[in-house]
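To begin, one chain is listed below as structure tokens, in the form predicted alone.
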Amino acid sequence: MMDYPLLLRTFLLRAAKYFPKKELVSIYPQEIFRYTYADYFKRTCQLANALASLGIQRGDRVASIALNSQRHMELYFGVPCMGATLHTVNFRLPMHHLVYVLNHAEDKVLFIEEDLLFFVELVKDQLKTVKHFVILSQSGQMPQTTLSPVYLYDEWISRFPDTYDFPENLSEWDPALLCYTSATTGEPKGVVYSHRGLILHSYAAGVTLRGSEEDCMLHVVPMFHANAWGIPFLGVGLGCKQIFPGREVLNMERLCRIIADEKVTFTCGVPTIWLMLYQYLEGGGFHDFSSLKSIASGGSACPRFLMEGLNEKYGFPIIQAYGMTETTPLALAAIPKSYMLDLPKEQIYDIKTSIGLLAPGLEMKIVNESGAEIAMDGKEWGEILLRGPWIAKEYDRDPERSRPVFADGWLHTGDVGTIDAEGYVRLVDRTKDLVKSGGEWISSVDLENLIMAHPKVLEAAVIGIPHPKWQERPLGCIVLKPGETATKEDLQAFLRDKVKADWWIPDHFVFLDQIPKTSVGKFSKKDLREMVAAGKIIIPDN
């Protein structure tokens, strides 16, 4: 068999040669920008030539602080296909973490969205390795800046040829992208994605999510986060039309118009986004989802009421998937097997609200505290361990923190779950978020899903708080829907016939204006615990 490396250049060349008329579309507040894969390829070649002119070579690292746009998409292939590594930076990180990741990665060039320039202006004097700055601007005008040397992206790449001989002699094990976790403790940890891993992940995602060339993909997941869940690579590999909504991603009316006007078939996002969409729709907002085939939801558990409501009322068909930065990210997806499709609707949603079946190409085991695999009975709990060709093997240049997470050749996810006889995994909790009360474990995830089914509740997060007798007790942190009122007794009564045991019901609930979120839209339980410890959240006496 031919020894042929798995390189991203094959996706890029195929899209340019066989799908030159297909569109890539960027949505801006005042305009919609369209061009084709033929145009995209030429600009990607110009970018590669421009980087080479700065002395960027194989293995060098190039960073982006950018929104979802066609320019960011050009970086997604132009940088790794010429042999360098693209470091997609989460600009929502705290400033000290932003400085840390740029210095730890040793980035040499930094591409910056014009609207995000102020982030870099604030920290530029702390950057140790960045030698060049490039502004991504839709206005075409160089903004006022103290950065130097600085280039205006479109004008800069236009100086260079629109052909480039993307090297064939790269190793498929070469790093292509780099992404840092949003740290809950300590500094962020870097995860490197190889060409090989990204190609194989794309194949598995395409099979699992049933992608095809006819799809139109809307990029809701930020492109700085875990490769935008790998969808840009899948889209180019298949030759799909792709839509980049930029800042409009949080405008639910605009998002619904985009889906209708562009005939979007597939998108993905975190439950926080789908909750915003559901509120908009419940208020009578415009929608036409007739083109949609599937929507992947991940990052945290999608509440059952939300999944059912969006699907049954509005034809918004959510598939729950599971992964993390270390898994590129797809690892499991909750798609019913073919012989299950005639099951009662209640059972179908039981399957869909799991985190699903293992993606093809991976291995998984779920182990108890002694390291033995748990029974496939849907009851016994254990930690989820994964390994496979797109699962990280270490954190970038961080052996100390890598050792326990990647022990014995497995990724120890820190997630606790069950697995049933059919192989469907149900997430119980993060190990650090489980509540241990009187020696028994309580799943904060299960409690949150039950509480958010209450008609007056908008958001709910559950954390453990110290208790003199029971060690810990769950605290329900609640955001009510606008104009609604509820009491502790209301919520306790609502839960009474739904929880596994009465002692799962929180003794206390606190009602907040908002629940703090992480930089990627998940509930930040770390912040909630710190707010309780600092007295910023007062636990009622009664």
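Heads up: residue numbers just count along the shown sequence, starting at 1. Everything numeric in this text was worked out from a predicted model, so none of it was measured.
Below: the form predicted together with a further copy of the same chain, not depicted.
- Taking non-hydrogen atoms only, residue 404 never approaches a further copy of the same chain to within 4.5 angstroms in the predicted complex.
- For residue 467, no non-hydrogen atom is located within 4.5 Å of a further copy of the same chain in the predicted complex, even though that partner is not displayed.
- Looking at residue 525, you'd find every heavy atom of it more than 4.5 angstroms from a further copy of the same chain in the predicted complex.
- Taking the partner from elsewhere, residue 80 is found to have every heavy atom lying beyond 4.5 Å of a further copy of the same chain in the predicted complex.
- With respect to a further copy of the same chain in the predicted complex, the three residues 200, 390 and 423 uniformly fall within 4.5 angstroms at the level of their nearest heavy atom.
- Contact with a further copy of the same chain in the predicted complex, judged as any non-hydrogen atom within 4.5 angstroms, is confined among 104 to 112, 296 to 304, 392 to 400, 136 to 144 to 392 to 400.
- Listed residues 170, 318, 435, 357 were compared with a further copy of the same chain in the predicted complex; 357 is the one with a heavy atom within 4.5 Å.
- For the options 350, 213, 155, 187, the one in contact with a further copy of the same chain in the predicted complex, meaning a heavy atom within 4.5 Å, is 213.
- Interface residues of 331 to 369, taken as those with a heavy atom within 4.5 Å of a further copy of the same chain in the predicted complex (partner not displayed): 336, 337, 338, 339, 341, 357, 358, 359, 360, 361, 362, 363, 364, in sequence order.
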